[in-house]
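Presented below, as structure tokens, is a lone chain in the form predicted alone.
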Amino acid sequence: MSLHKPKVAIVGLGYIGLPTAAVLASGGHEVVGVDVIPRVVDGINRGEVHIVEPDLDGLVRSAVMSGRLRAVLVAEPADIYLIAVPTPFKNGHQPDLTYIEEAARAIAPHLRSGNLVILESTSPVGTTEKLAAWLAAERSDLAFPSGPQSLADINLAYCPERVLPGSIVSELVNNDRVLGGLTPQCAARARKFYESFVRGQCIETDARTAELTKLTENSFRDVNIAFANELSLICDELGINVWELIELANRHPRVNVLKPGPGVGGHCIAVDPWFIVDSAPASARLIRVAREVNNSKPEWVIEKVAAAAELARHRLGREVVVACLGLAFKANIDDLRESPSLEIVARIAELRLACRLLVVEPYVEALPIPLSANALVELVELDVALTEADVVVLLVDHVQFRSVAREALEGRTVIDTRGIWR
């Protein structure tokens, strides 16, 4: 039996593409990563990573030193192409598939009969079919899947990523994977590939079901978080401690209420439900309302900060200093995508609720634009913020913040959106 492993080209070297490339290379595949950002490509070729993720830096460094992983700006021939590019919004909440279409054009010249193309980008239902159409438009000399029983030169499948930032490397290998093919043959080809490095179960289905599976997983989370966030609003109105309430309710054997927060961020939970709403607007009523509840939570936090700053101003007889702890969308990572914390800090600065706005984010080295251009906003260490602030706003439950002594908060107004200091 041949020990040869197929060459894999991964288009998009972000939070999913780069860890996947490193895992594949460490397992013996020749991997070429494709990205349009020169500094990302240059850094990876030096064995450096541009994202914060446990164990990733060592894995990438080892893969590059072994010669099995390299990065390029332009796609090249491979046996398997894996697309992991962003799928943002346009015109409100309409899915923008531009990056997937550009990826299709990038790999199309290099396709040859027998290739497998896998889409991992979170996508609306029907996107894999669009990918096949975009590739077919570029390569009329090749046959692409056009129906469940069609014969094709190129196999196409959809395999959604389902990893947790902070545990990506482990979950890439250990989580179950759903392989949705445009034909049963496509799904079988994709399954064989993923089984070469995934320890979890690999399950075959059709592409549309796989696409909706990913959106369903994140919409389920969003709806449940919205319930918790709505409870926090109700409790605030009724003078009830929401954290105690949830603890008591969760003592029921069939109840598991999640914890509220300042909103919902990240490229998955804050985005994916809108893809379902866009595809079935009349039917996706609960999913839409949950998104609206979670999207409105940052404004509620800002109102709390404004009220606290005004009270502190009257009490102290001067302008106040506000410290916001955390910018990332979740704990212990550097990912700022769709972060409600970032939105809250930007609005506090815009409304000029303080004479100085101190920001503590241990996982970034500099403030993102436009915060960096605002003279009111300063990125500081935690001890500085706790010493100088009159109002402290806890937005992200980073491990560094969990260890703050209660004495350090005395004499200050505290707004704890994560319930770690109660």
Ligand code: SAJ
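Since the model is a prediction, treat every value here as computed from it, not as a measurement. All residue numbers refer to positions in the sequence shown, first residue = 1.
Same protein, other form: the form predicted in complex with this ligand, not shown, and the subject of what follows.
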Candidate stretches 325-333, 190-198, 277-285, 91-99 - the one whose heavy atoms come within 4.5 Å of this ligand in the predicted complex: 325-333
In the predicted complex, residue 217 touching this ligand (heavy atom, 4.5 Å): yes
Contact test in the predicted complex: residue 272 vs this ligand, heavy atoms, 4.5 Å: yes
is_contact(residue 258, this ligand) in the predicted complex, heavy atom dist at most 4.5 Å: yes
Exercise: residue 230 in contact with this ligand in the predicted complex, heavy atom 4.5 Å: no
Contact test, all of 162, 263 and 268, partner this ligand in the predicted complex, heavy atom 4.5 Å: yes
Of 225, 349, 246, 106, the one that lies within 4.5 Å of this ligand in the predicted complex (heavy atoms): 225
Selected contact from 221, 177, 304, 313, since only one has a non-hydrogen atom within 4.5 angstroms of this ligand in the predicted complex: 221
Stretch 405-419: residues contacting this ligand in the predicted complex, 4.5 Å heavy atom cut-off: 418
